[in-house]
Structures are given as structure tokens and as C-alpha cells.
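Next up: just one chain, as C-alpha cells, the form predicted alone.
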């Protein structure tokens, strides 16, 4: 009997490693214990699956005390779910980017090949770099870092630059609160990212790649480094008959601003993580002043799926967290509304919800009356909201939004790199004004609007330039929490 259990960070945080060790220690010959990738269904972890006689049964919230009962009498266990693929929260998803989750040992390259891994690389080697980029353009693949620019523009710009040295950098410094999609890929499907980096190098003419990883992701670091070592041994990395491409990991130092691409490059050059004025853009003058293709994890994976032929539609991997009964990763079509996400996948009545914040700590607070909106950037932007990295944090109906906003402002103050005055000084003045409300409400609000406009227009990066989204949405839709009456 095969026994599958995930050692993903989330699963480990609720005891999966202890269960795995206990099962291994029993040394039962009839049990084949396998560490597998998570399905991203966080509320079910530790999730265990048994495979016997071509049937696969799943068990939720397993612990060290009930694991023996489950193995002895599986279908009578209170943790029994049946086949996980039949559960609506998984069955109703459309997984493209995350299609390997729950089907592989993350660091087993044979598992990766069995699932169609390196088919995109094989297809890329049979065509010209321009043909690869033309396919990306035709598919209208957009960057998933938040700006949603057409992805091909960066690739084409780097390809067009004449230089003996070019770089490919993956931004895996996933610092937004409520975001964990990049970590899920790296911990559970690292070879997809490695394949993507190789293809990017071939397409733009770069022989060196760097994955810039968030310092807090220690489990991801160990898994990714092991996968890179395996890829070198199997001759996918390094020099072979078809190409030469080296890949290494770089670990950030914990600064939120290094998720901004120019600050990230400064960090890689052993400088303080400060935002660079643009132009020039990194695609023309990036790392060490060389043309640099810099994109994030999901953007790269999306292109692998395109080139391997498994990308049948555009999907959005939504990371749902906060006051929901079911939190986790839900990859769905662009047509899903906020209400559908919360009620059908989160299994939480929308009447129990006060607001959601979409797109990380710089995103707007969206009130319940706007939950009819679809979770795609085109529709959200019409209302002045952003999709960003597609994180959705749910706040319950009892929460005070002024408290939440002031907490966020503390985060902005702490993470401002200090290079530009509007952000460095503005965030502190902003907290003073908001804290003083409802005193001198009208004069304080006039000052606040002027300050936010200055920050929006004059800040060097999104940390200052997008602060107005959370502040203005909180004041507009939840003015009662600030005791300032209804705003128009």
C-alpha cells in the first residue's frame, strides 16, 4: 500500500513531518511511505492519502494519535474523505500552473518527466528564440507580479539588446501578506521553475540565471537547491550539446522593497536594497548594467505551460486566507466573483464578511456590496482596485477597519527603503493624520488627500505610489470605523 503525505511548510506546521517520521519508524514492509507535494488545500493538512488496488483514499487532519486507526480501518475513520479528486473544492478548480500538485515527489526528476516535464524545453530547442517570443505574444501572457504588462515585451527587449552577457532573474521574494503561490511552486514543483529559467535563457540569449528567494522560505530554499543539484547531475543545467545555462540561488535579506525589481538588482550587487530611478529599465541595463530579463515565478511557469501545450485557458491562482473556513490555493478561471470564491471555495457566508483585501498589503479594501466583481484585473481596475499577485485576505464582520489600516501603515513605515521623500516622510505623516481622526476631520482629510496625491505621483515605487488604495478605500467604504460620517 502506498502512503502519500506532504512535507510542505504548511503541512509541517500542523504536524506532517512527525506523522511521516512515525510511519517510517514503524518500518512496515506492506507500507510504501512517500513524501508528496501538497494539493494546496491548507485546511485539510496534514492530508494523507492511501493507494491500494488502484483506489486512492484521502484523510483530513491526520495526527500521530489517529494514524494507526486510519491504517487499520480506513473507510470507517472520521477523517475519511474518499477520493480527493472528487471533492468539489478540487474538482471545480481548473489547474494549469499548479497542475503537478499532489502528483509528484518534488525533488524526484523522474516524477517530473512522467508528468510531462521538460517537454516545453524540448519544444523550445526545436524553434528560434523569436518564434518562442512570438508564441508568448500571441497567447497574450501577462506578467503576474501585479502590473499585468504583456510578458513578451521584456523578453523581446532583452533579445534585441546586443551584449555578450545577459541575465535571467526570477523574483521569488514573495513578501506580500496573504501570498504564498510562489512558495507552493518552489516547494512542490521546483523543476517547473528550473525548466522555465532554462527556456528563458535560451530565448533571450542569457547563459546565467538567478532565483532571488525570500529569506524566510527556508524549506523552499532546501528543496530548490536539491532540485538544482539534481538538474546539474542530469545535465539539464550547465553545458550540454544543445545549450549552456547555469542557475544559482540568491537569498534576500528580508526587505519588502526588494520585491521591486530594481531594488532586487541592487541587493544582488551587494548594495543596500534601494529603488533605482527609471529609465533605463532592467531589460536594457539591469544586473551589472547588463540586459536582464526579470520576472516572477508564476509568469515563468505560465510560459512553460504554454510551450508544453498544457495551457488551455488563462487561469488565476488565488491565494485565499483570513476569516474563511477553507483557506488555500484555488486556481480558477477569470470569471469567478469574489462572492463565489468566499462562499463556494471558502465555505463562508458572505454575511459574516466585512471586507476583503485583494492584491497584497497595497491593495484596496473591497466592501461586501462589491463582491459581485470578478477576480480579474480588467474588471477590478475599472473600480479602482488591483488584482496584484491574486491574494485575497478576508476580514470578518466584527473587525474595525481603522485598526487594520493603522497596522498596515506601520508595515509601510517599517518597509519604506527611505530613498524617496514622499514615501519616507509621507507614510509617517499619514499615520499621524489617521490616528488623529475623527478630530479636526475636514482639515485632516484635506491634508491627507494632498499627501496621498503627492505620494502617488512622486514616489519611486509602488510602496509609496499605491498607498492611496488601501487608505482611500478604507475611508470611503468604512468611514463609520473612523467616526467621520459618510464620505462622498
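Positions refer to the first chain, counted from 1. What you see is a predicted model, and the numbers here were worked out from it, not measured in a lab.
Only in words, not in the display: the form predicted together with a small molecule, which the text now covers.
Trainee: Using a 4.5 Å heavy atom cut-off, indicate which stretch of 259-267, 217-225, 316-324, 233-241 touches the small molecule in the predicted bound form.
Mentor: Contact-bearing stretch, as computed: 259-267.
Trainee: Answer with yes or no whether residue 451 is in contact with the small molecule in the predicted bound form, where contact means some heavy atom within 4.5 Å.
Mentor: Contact with the small molecule, no.
Trainee: Examine residue 357 and determine whether its closest non-hydrogen atom to the small molecule in the predicted bound form is within 4.5 angstroms.
Mentor: Close contact is absent here: in the predicted bound form, residue 357 is far from the small molecule, nothing within 4.5 Å, heavy atoms only.
Trainee: Heavy atoms within 4.5 Å of the small molecule in the predicted bound form: does residue 145 have any?
Mentor: The answer is yes: residue 145 has a heavy atom within 4.5 Å of the small molecule.
Trainee: So, residue 186 and the small molecule: in the predicted bound form, are they within 4.5 Å at any heavy atom pair?
Mentor: Heavy-atom contact with the small molecule at 4.5 Å: absent for residue 186.
Trainee: Just one of 67, 461, 33, 437 has a heavy atom within 4.5 Å of the small molecule in the predicted bound form. Which one?
Mentor: The residue from 67, 461, 33, 437 that makes the contact is 461.
Trainee: Which listed residue (292, 391, 192, 299) meets the criterion of a heavy atom within 4.5 Å of the small molecule in the predicted bound form?
Mentor: If I apply the 4.5 Å criterion carefully, the residue I get is 299.
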